[in-house]
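As a starting point, one isolated chain is supplied in structure tokens, in the form predicted on its own.
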Amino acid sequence: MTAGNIVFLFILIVAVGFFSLNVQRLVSYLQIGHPDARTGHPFTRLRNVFEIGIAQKKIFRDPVAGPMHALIFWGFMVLTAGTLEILIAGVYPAFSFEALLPKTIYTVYSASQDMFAVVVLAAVSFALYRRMVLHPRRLDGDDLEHTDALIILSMIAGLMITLLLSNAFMLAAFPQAMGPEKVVSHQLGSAFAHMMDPRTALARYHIFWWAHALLILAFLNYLPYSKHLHVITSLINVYFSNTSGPGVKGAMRSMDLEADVESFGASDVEQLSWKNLLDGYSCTECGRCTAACPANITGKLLSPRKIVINTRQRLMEKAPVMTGDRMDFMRPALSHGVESYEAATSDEVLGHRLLDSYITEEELWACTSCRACVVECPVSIDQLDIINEMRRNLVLTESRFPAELQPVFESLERNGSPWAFSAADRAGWTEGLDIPTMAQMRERGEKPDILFWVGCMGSFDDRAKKITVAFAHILRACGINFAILGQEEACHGDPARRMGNEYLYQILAKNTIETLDRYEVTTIVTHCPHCFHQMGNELPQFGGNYEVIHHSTYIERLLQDARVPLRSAEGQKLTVAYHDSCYLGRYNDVYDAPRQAMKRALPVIELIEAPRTKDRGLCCGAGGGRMFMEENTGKRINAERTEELLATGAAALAVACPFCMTMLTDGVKANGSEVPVYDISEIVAGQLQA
């Protein structure tokens, strides 16, 4: 071992030790969050790591930046092995994987180091050009710190350049030192060999080898203080995430309302889960979430990226105080009135919080809960979970919510509906249809095959009642034995839960379960995606386990089995643009059934897809309780979506949700258009034999 090896060993020990201390520090910060069990279903989690993390499935949703980032990521994975070889050789010069691996495998490995160094360098060059020259819109805003990104990209470029040059100068000094598989290094080495003598080439090899090795260690220890910490945490975050399963996608976590706590929900970082805080570490600040957010697109203050960044900023501000940490000296000067570490240890840090000091009410209430941000995130961050927890705190702990929600909460509590309608009017739409209730069938000693859950919109809204009637006609025409609850039906509480009123939600949910269990209901069909999601995916949290089917899926099955008596399709071909409901699509992956139902019922139909469709579809603006709130900032979301659908030139618009029906119908009217909006059940019912 030479003196150089001893020096490098000392540097390596110090660098790895400092990095280990930083890892310990960051883990201790996560521990201020509340527990969240994330260890179940290991095979599903490993599959997510492979598909989303390693195969970069989500990142390819962006056709330009996606391949660029994927190449950098894959290059890093391949080059990590080479990095390990370099660091070990710095201490023990004779070490090489060549002695450990079969010749064929080592040749492939050796060639990959050369090839991916070039690939990563090219990708990084494009990334720098894109950021500094093209300035994509989603990389701006939210007061992003671009300097950090430029530092990281420059360091990565430096790593690739020093790797290639050290190999090239080694070959210039000793042409037989490496196999011919390192094509780029050999070409550079041949050029350098004609320009200098072997001794000069060897000296430069040592310079670039040290530059590369030290840059590796510097890069490693810079990451814990950089937004690019996601280089380390992204795969870990994907493993522990539930956004693509395991569990039910989009299901809000339940709360113990009888717990002895001073507040509910979250107003600061320690009231979030450790996984929410890990999301902050893992955010790449790519802006895909914000670029897909309907609120942000239409000029509202909400930016899902900012929500996550603010969570990380507040964690880095408060956690050192809570843990007594002194290793955060490299973090940037604190914002929000705290300018130094000394100030950060004072009551000033504890005197403000994530809510209000970083994230405003206006941002939180702008959310439509559409899950577009969650679907787009390439590292499986759940931005919506943070928003929901902070909404709960606003409502349950501080009684702060938009004035429009007060009558909604009161009506849900008194009438079992978001609107002030009497429960006695719930079955008014059945007049002349002779549709039995569950109570009537029980009196006759009968039990229906399915319960048709009508929902509040389908019971009281004049336009939605037409959907209800159309679906009832289809069931009748197919000979389905069904019943409704009638005035015994009441809201299951989904609007209350999405608007942060978990207390009211749990009362309504448990009442619904009690009613359903009293009639021994097993199968439910509903035309409201919100009811479909809530009853099928969230009522099980309280013991309500039922088979819940959306009417689009049920109709498609009936059509597939040839049970729907249809008349022959005649006349001009009908062109239709279908709008995907968020709670049907992004929450439950139901995209094909509504489309197939329309095609089977009306063979001459032509479906035209809008630019944003299926899991990229734009929300109508009604979700997350926005149906009951005024939209005073920016462009109306329903107007944005309606204009996009009308621009397809379709003769009609189709939906599979009564909330979407209301929003798009209003959008069409506001646009001055006469294009009709149909529910898929209306299209199918219109083809029934007389």
Partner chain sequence: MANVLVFAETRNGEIRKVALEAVTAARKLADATGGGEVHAVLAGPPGIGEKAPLLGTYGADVVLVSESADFARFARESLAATMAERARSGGYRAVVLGFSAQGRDLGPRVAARLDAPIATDVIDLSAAGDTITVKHPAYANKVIMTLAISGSPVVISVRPSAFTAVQAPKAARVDTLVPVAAQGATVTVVDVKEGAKGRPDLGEASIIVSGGRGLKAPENFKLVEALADAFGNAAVGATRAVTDDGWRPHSDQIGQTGRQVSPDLYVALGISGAIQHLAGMRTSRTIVAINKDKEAPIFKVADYGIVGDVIEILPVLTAAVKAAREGH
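Computed from a prediction, not measured in an experiment: that's the story for all the values here. Numbering follows the first chain given and starts at 1.
From this point on, the text means the form predicted in complex with the partner chain, which you will not see here.
**Q** Check E682 for me: does it contact the partner chain in the predicted complex (non-hydrogen atoms, 4.5 angstroms)?
**A** No, E682 sits far enough from the partner chain in the predicted complex that none of its heavy atoms falls within 4.5 Å.
**Q** Within a 4.5 Å heavy atom cut-off, is Y239 in contact with the partner chain in the predicted complex?
**A** No - in the predicted complex, heavy atoms of Y239 and the partner chain never come within 4.5 Å of each other.
**Q** Within a 4.5 Å heavy atom cut-off, is E514 in contact with the partner chain in the predicted complex?
**A** Contact check for E514: no, nothing within 4.5 Å of the partner chain in the predicted complex.
**Q** Test of understanding: in the predicted complex, would F219 fall inside 4.5 Å of the partner chain by heavy atoms?
**A** Residue-level check for F219: no, no contact with the partner chain.
**Q** Of the residues M160, V408, L277, L485, which one places a heavy atom within 4.5 Å of the partner chain in the predicted complex?
**A** Contact check passes for V408.
**Q** Using a 4.5 Å heavy atom cut-off, which residue among V49, M68, M629, L646 comes into contact with the partner chain in the predicted complex?
**A** None of the other options qualify; the answer is M629.
**Q** For the chain shown here without its partner, which stretch in 142-150, 199-207, 355-363, 419-427 has non-hydrogen atoms within 4.5 angstroms of the partner chain in the predicted complex?
**A** In short, 419-427.
**Q** Is every one of D385, D494 and D589 within 4.5 Å of the partner chain in the predicted complex, counting heavy atoms?
**A** Contact check failed for every one of D385, D494 and D589.
**Q** Which residues in 15-44 have a heavy atom within 4.5 Å of the partner chain in the predicted complex?
**A** Read in sequence order, no residue approaches the partner chain (within 4.5 Å, in the predicted complex).
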